[in-house]
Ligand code: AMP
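One chain comes next, on its own, written as structure tokens: the form predicted on its own.
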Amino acid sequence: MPLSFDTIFATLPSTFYTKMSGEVITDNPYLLHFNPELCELIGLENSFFDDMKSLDYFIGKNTFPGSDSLAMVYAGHQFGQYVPQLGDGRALLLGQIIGMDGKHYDLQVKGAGLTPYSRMGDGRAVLRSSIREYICGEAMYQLGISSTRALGIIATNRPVIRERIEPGAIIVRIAESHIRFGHFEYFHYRNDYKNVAILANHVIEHYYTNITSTKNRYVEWFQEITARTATLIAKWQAVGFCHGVMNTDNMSILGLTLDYGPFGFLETYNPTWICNQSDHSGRYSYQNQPIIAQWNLYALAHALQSVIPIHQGLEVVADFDRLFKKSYEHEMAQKLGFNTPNASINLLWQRLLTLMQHASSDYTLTFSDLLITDKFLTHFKDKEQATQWIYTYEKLINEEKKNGNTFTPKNPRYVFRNWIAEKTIRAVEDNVDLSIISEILTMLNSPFEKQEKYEQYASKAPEQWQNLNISCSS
């Protein structure tokens, strides 16, 4: 077998997981799509999927040599309320693979069936949400945003009951790690401080190898977690991405975008936008994401207080505001084409966002059309104010060029809008049209370049797909 396993998570104490195999799928499953780039990264030849027997390793019929299949246990704060036991209710970690770059990568199947942590669930995943996660993971990666990704999707041919009966699927996920803030909360709130330290040491040893200090290693580690989280959220905000369910069990200890549920990209610029129809209070609205990220870090600080004195942990988290602001200002300056932010540049993009909000401008397209004056102005009702903004913008551009600075705006033309996701899902579910997945992925692989072939996707939602509501059910 071509994969090289080194199952490091399975070496942790048995209280961290339940070893088990996945539910055997016998309903004529078939490969819906696979990711050649990720195959190459983990050392898997593309021809592996030519044989239908290859699916047996992901549908419970066979086991990779060296793998050690298990379901992880963790806890988490869900919508601000602590839930003492969650865990992999429908996912199994097959093990860690050593990639061609020498890094460890989790190989995980999601939708693999019941586990001890399924609670009232059925352990299955629907095709709809699997397609969304598969494509969006790649979209985020191509946008330069840290994310879990997926090796492929397997259609199970099993019905799954949610709000309605839907086709089921298994998504094969790849990430450097699926360890979450909630892993530490699980042990902390059981007063199992020994395992908090064991897990912290495991994460530092395998994923934060740059930390060599022995005296302050936990503090330095937590500082880096905070910095990575601040950078991640700044990138989310800059591209207009809304996660939808920023519970602590959905927060990656490595600063990855984790668990794609009712996510969405901004259409019209509305800071109060809520992409999750189950979020009745707006806790996880677009504008609240930085606040919630810091709240989650405070929750992690409390869970780590057996290895980091709480006053030190809180000091680290208090620095989140500065780190986020610095990273977000840098991202927004780059969207306007400037290398380094300053007060004038900050005022410029802040003013632009205000104009966009008043005009209900499309977030992605307005920034994409920044240098095409005629098209840019079509995004605004008040042409006079927009024209004045352009005048101020051009003055700053000229000043930058006089100072010898380069000027290259960095804005995606294409993002994985919810209407594009819905169009893809309908094509697959209703017409078994699998080619559309390749089409959308090809477009999203070059999000910053205008592609005439795909300009239909650089647009607002068609009437039949406007105002889509996305729920947590998947």
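Remember, it's a predicted structure, so these values are computed and weren't measured experimentally. Throughout, we count residues from 1 along the sequence that is shown.
A second form of this protein, the form predicted together with the ligand, is not displayed here; the remarks below concern that form.
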statement: Residue within 4.5 Å of the ligand in the predicted bound form by heavy atom, from Arg119, Lys375, Lys401, Arg351, is Arg119
message: Give me the residue from Thr229, Asn250, Thr366, Gln108 that has a heavy atom within 4.5 Å of the ligand in the predicted bound form.
response: Asn250
Partner contact for Lys381 in the predicted bound form: the ligand, 4.5 angstroms, heavy atom: no
Contact label in the predicted bound form: Gly244 to the ligand, heavy atom within 4.5 Å: no
The ligand contact at Tyr74 in the predicted bound form, heavy atom, 4.5 Å: yes
- prompt: Using 4.5 Å between non-hydrogen atoms, is Gly123 touching the ligand in the predicted bound form?
  reply: yes
- request: Flag this candidate site as yes only if Gly87, Arg162 and Asp259 all have a heavy atom within 4.5 Å of the ligand in the predicted bound form; otherwise mark no.
  value: yes
message: Counting any heavy atom within 4.5 Å as contact, can you tell me which stretch out of 111-119, 194-202, 287-295, 383-391 lines the ligand in the predicted bound form?
response: 111-119
message: Do any residues of 337-356 have a non-hydrogen atom within 4.5 angstroms of the ligand in the predicted bound form? If so, which ones, in sequence order?
response: none
